[in-house]
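We begin with a single chain expressed as C-alpha cells, specifically the form predicted on its own.
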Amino acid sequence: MILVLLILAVAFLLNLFLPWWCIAIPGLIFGYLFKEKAAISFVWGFVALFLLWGGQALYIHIANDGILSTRIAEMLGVGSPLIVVLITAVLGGAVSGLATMTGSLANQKNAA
C-alpha cells in the first residue's frame, strides 16, 4: 500500500511541471526499489495512477459541469462523458503499471 501512495504522490508532483509521460518515472523507480514480483508491481502501479488520473478527470468533469468530457465523448463516439473519465483512468493506470512492472523486472534481472 505504501508503494501506491509513493507512486501517486510523486506522479502528482511531477505531473504539475512535466509532460504526461512523466507518470512512468515514479513507477520505474519504486518498482525497482520495492523488489516486489512483477504482477504485484503492475497491480500497485496501475491502482496508483488509476486513482490519480481518474480522480483528476472526475474533478475536472465536475468542476466544469461536464462540458469538456461531454465534447470529448462526442468526438470519440463513446456516448457518456463518464466513460471518458474511465478511459483516462485506465490509460494512466496502464502506463504506470507497465512502468512499475518494468522496474520490478529490472531489479529481478540484476539480482540473478
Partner chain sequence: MRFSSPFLSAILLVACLLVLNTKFGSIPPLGKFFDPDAGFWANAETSVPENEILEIDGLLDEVSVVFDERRVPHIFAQNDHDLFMAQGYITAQQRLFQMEIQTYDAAGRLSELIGENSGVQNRDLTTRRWGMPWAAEKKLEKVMQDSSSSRIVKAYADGVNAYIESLSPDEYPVEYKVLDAAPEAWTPLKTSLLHMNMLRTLAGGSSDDRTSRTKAFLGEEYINKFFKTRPASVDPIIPEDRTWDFESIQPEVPESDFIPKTAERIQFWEPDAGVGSNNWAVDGSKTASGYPILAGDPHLSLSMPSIWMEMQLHAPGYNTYGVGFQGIPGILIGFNEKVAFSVTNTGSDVLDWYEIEFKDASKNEYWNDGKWNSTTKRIEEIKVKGGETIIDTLVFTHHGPVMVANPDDTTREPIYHAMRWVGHEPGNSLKTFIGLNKASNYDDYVAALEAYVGPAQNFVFASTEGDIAMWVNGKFPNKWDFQGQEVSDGSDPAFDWQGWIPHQHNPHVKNPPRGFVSSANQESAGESYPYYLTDENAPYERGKRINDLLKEMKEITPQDMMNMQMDDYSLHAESIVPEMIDWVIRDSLNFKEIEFLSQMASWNFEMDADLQQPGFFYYWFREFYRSVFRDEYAQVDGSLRYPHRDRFIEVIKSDADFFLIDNIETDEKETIQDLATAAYKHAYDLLDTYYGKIGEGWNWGFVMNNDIEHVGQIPGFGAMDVYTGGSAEAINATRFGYGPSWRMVVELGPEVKGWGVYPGGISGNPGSPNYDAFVENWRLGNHFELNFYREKPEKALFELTLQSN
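Positions refer to the first chain, counted from 1. All values derive from a computational prediction rather than experimental measurement.
FYI, the form predicted together with its partner chain isn't displayed, but the following is about it.
Student: Considering only heavy atoms, tell me if residue 35 and its partner chain come within 4.5 Å of each other in the predicted complex.
Tutor: No, residue 35 sits far enough from its partner chain in the predicted complex that none of its heavy atoms falls within 4.5 Å.
Student: Would you please decide whether residue 105 lies within 4.5 angstroms of its partner chain in the predicted complex, comparing each non-hydrogen atom pair?
Tutor: Although its partner chain is absent here, residue 105 would touch it in the predicted complex, with heavy atoms inside 4.5 Å.
Student: With a cut-off of 4.5 Å between heavy atoms, is residue 91 one of the residues that contacts its partner chain in the predicted complex?
Tutor: Residue 91: contacts its partner chain in the predicted complex.
Student: Should residue 60 be counted as a contact of its partner chain in the predicted complex, where contact means heavy atoms within 4.5 Å?
Tutor: Within the cut-off, so yes.
Student: Output the sequence-ordered list of residues from 59 to 92 with at least one heavy atom within 4.5 Å of its partner chain in the predicted complex.
Tutor: Residues within 4.5 Å: 60, 61, 63, 64, 67, 68, 69, 71, 72, 74, 75, 76, 84, 85, 87, 88, 91.
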